[in-house]
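Starting off, we have a lone chain in the form predicted alone, written out as structure tokens.
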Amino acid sequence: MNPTQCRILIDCRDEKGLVFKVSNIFFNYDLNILSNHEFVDRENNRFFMRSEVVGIIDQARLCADLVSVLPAHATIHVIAPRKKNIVLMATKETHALGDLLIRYEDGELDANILAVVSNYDLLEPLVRKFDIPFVTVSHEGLGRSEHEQQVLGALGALGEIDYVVLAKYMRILTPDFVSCYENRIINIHHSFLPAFIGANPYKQAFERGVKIIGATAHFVNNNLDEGPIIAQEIIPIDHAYSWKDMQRSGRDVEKIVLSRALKLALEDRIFVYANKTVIF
């Protein structure tokens, strides 16, 4: 057998000696540790560890041996790095979607984009330039539940999906939809929420004289825009910015934050716990 590389993700109750126990198993397997990070949430007595190792790896046996030395009910993932399958969803805005498509074309995304799904066909000419399938599932004349069932059908026809990325998909997803991809739907929005909601938040922010613009990427859960946060960023602005200048700057931040969050997910660096994230 040839040496292979694996990512080991451990989430369990904290106790003394966990790093030693896990490292000792790696040593017994003659695995070389390429990187290792750990964190203890002392408030909740929770231990998190992410290791990258290389060697001759029997994943099932390694997982079983780790279970034998960890506290009961530990969560262990032994992951062989691979290109994950993702689907991008969008509505009308081009900035977030276009940025991801360009990064994909340039080889920056370690993923396979199976398709772009939208409730309008306006973005199809853009997507076709990258030779990626475009699927339109119109919501016209449909109730929310009926439309979502059609979207889920379109996603199911694409095969196994690791992550669904909402690149400014402007439809609220119901709990039934979210449950199909729990902690696998990544969303991006401006960070004015909840202060400036509804139509044209940048104009509202301009009228209040805000001095920073930000963006938040998070996993989607059943509470609107309150899922576990993956990445955030801000930039300073001043009185010289019009609301349109603010909007342009905000879109730039959204692109950066969404791509950063997706990269973290593709590299298996995110632990979700208690509606928060631990990220290595």
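Computed from a predicted model, the values in this text were never measured in an experiment. Residues carry their position along the shown sequence, with the first being 1.
Another form exists, predicted together with another copy of the chain; not displayed. Remarks below refer to it.
Asks: Looking in the predicted bound form, is another copy of the chain within 4.5 angstroms of a heavy atom from every one of Lys21, Ile33 and Thr277?
Replies: Judged in the predicted bound form, Lys21, Ile33 and Thr277 all sit within 4.5 Å of another copy of the chain.
Asks: Classify Arg46 as contacting or not contacting another copy of the chain in the predicted bound form by the rule of any non-hydrogen atom within 4.5 angstroms, answering yes or no.
Replies: Because no heavy atom of Arg46 falls inside 4.5 Å of another copy of the chain in the predicted bound form, the answer is no.
Asks: May I ask you to state whether Tyr163 is within 4.5 Å of another copy of the chain in the predicted bound form, using heavy atom distances?
Replies: Close contact is absent here: in the predicted bound form, Tyr163 is far from another copy of the chain, nothing within 4.5 Å, heavy atoms only.
Asks: How about Pro201 - does it come within 4.5 Å of another copy of the chain in the predicted bound form, if we only consider non-hydrogen atoms?
Replies: The answer is no: Pro201 has no heavy atom within 4.5 Å of another copy of the chain.
Asks: Could you tell me if Ile57 has a non-hydrogen atom within 4.5 Å of another copy of the chain in the predicted bound form?
Replies: No.
Asks: Tell me which of 173-181, 153-161, 82-90, 121-129 has residues with heavy atoms within 4.5 angstroms of another copy of the chain in the predicted bound form?
Replies: That would be 121-129.
Asks: Judged by heavy atom distances of 4.5 Å or less, which residues of 79-109 approach another copy of the chain in the predicted bound form?
Replies: Result: Thr94, His95, Gly98, Asp99, Ile102, Arg103, Glu105, Asp106, Glu108.
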